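What follows is one chain in structure tokens, specifically the form predicted alone.
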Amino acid sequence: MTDAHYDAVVVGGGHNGLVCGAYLAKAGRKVLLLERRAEVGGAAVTREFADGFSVSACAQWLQQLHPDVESDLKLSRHGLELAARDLDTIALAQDGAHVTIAANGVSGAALSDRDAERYARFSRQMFKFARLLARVSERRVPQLTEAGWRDRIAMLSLALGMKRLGRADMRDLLRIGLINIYDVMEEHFDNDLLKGALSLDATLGTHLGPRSPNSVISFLHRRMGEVFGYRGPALVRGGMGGLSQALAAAASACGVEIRTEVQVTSIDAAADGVSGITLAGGERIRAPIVVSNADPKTTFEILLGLANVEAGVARRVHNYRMQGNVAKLHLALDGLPDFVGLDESQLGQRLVVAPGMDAMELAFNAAKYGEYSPNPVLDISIPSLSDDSLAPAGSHVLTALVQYAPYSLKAGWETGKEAFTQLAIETLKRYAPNLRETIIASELLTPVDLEREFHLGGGHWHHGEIGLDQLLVARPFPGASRYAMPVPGLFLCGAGAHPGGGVMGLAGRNAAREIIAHKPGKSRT
């Protein structure tokens, strides 16, 4: 055992771990953050995938970072810079009759005035609903029984927020929260591309199709970014690694000690709670508080061990749903692809291939049976148009989230990877006929690759499904929804904790506040 003693050890250097460590250190705690990889950032990293070509390797867009996290940690002072923000979403049509969703409305040659008018009303209502969810996300989930004063204030704030919705909107929220995004889209719009693009935001990164329950709550969860000031996706200069570097600099400035290329093999616990962690090689570090930025299954099954928890907790961990469905495609290009009907300024926006909800549902059907979709849905970025540091002069990088690609592919990803790569490229080629001629190199990261490289259990980038049964008081599961786990001294600060996935930093900040409120934890060394 080492003589080193810390007030808190944070396991995992993803963005939430960095945020949590920074807030704890700002409050005077002695904090050690440990990261297995050579660089911090978790899924928010930039790396070179071909000679001279770099890309945001997993997380692609910045659109939910909470403004308080950004200002509290002075991230702009520590190097965070956006290359582009408030980008449009362009739903691609093979004939060039695209639909554009912008901050100020929707447009497109095939879009009716009726759809444009309805979208304005729909967007206003969804903002109200997302704002209510955002307010709940900014603090710990209130305890419904034996509530203290903080919980009573939180519940009062939630009640007032619902009251401000008005009777009609409150009734609508209660109604649509229990149905699916397919039915909601059918109620509001006629245009298939518009419905497909909006449905993509409800299903991306999940094991959901447009007709699946929980797709509406997933949609509202994503729309929280609008409440936080993002009127469209943003691109970080230098890729998403630019954000993580700024967070690491901020954490270090607050006093966090960061160690990389160290593997935590166990969270050590006794009858009275955690006592620290053990590293590969046998080094042990003492701390009364251990904060896991890993997903819930990894935290309990691998790091802590289910033998250290009650049978009911072990069962909830086992039943926690977190099977990824998204692959990540990276292309190095020696020129710009010629997307039909788009000029160069439009190529720099967010491009999506989601031809309609029925096509998306058919794509999801394949994943239900352990097969990848023969007609995948894509979320596309050409970030080098906004940030020339990512590719050599005259060249570009294209990156795309490709759905559906089930983690447990029946045929196995060893044999299915190359075929799916070519399928994704062929799908892109329908919209950019010259694409193949511009490709210098390609890379596909399957959900298995995402798990291996970024330690995302099940390849799930949200650390678990976004659904009513795995949100709020049920995230990650009942009895462990307020960051403190059922083992004294163990806390969860990653996307598997409230409020869930997305690069927003709230899980890390909220967990730190909970630790500070519950235990002074001043260092004894």
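The numbering used is simple: start at 1 and walk along the sequence shown. Everything quoted here is computed from the prediction, not taken from an experiment.
Below, we refer to the form predicted together with a small molecule, which is not included among the displayed structures.
- When contacts are judged by a 4.5 Å heavy atom cut-off, P499 does not count as touching the small molecule in the predicted complex.
- When the small molecule is considered in the predicted complex, Y320 lies well away from it, no heavy atom lying within 4.5 Å.
- Contact annotation: N434 falls outside 4.5 Å of the small molecule in the predicted complex, judged by heavy atom distances.
- Contact annotation for G494: at least one heavy atom lies within 4.5 Å of the small molecule in the predicted complex.
- For the marked spot (V184, K195 and V353), a heavy atom within 4.5 Å of the small molecule in the predicted complex is absent from each of the three residues.
- In summary, among the residues A91, A294, V106, V291, the only one with a non-hydrogen atom within 4.5 Å of the small molecule in the predicted complex is A294.
- Only one segment in the set 466 to 474, 484 to 492, 24 to 32, 37 to 45 has residues whose heavy atoms sit within 4.5 Å of the small molecule in the predicted complex; it is 37 to 45.
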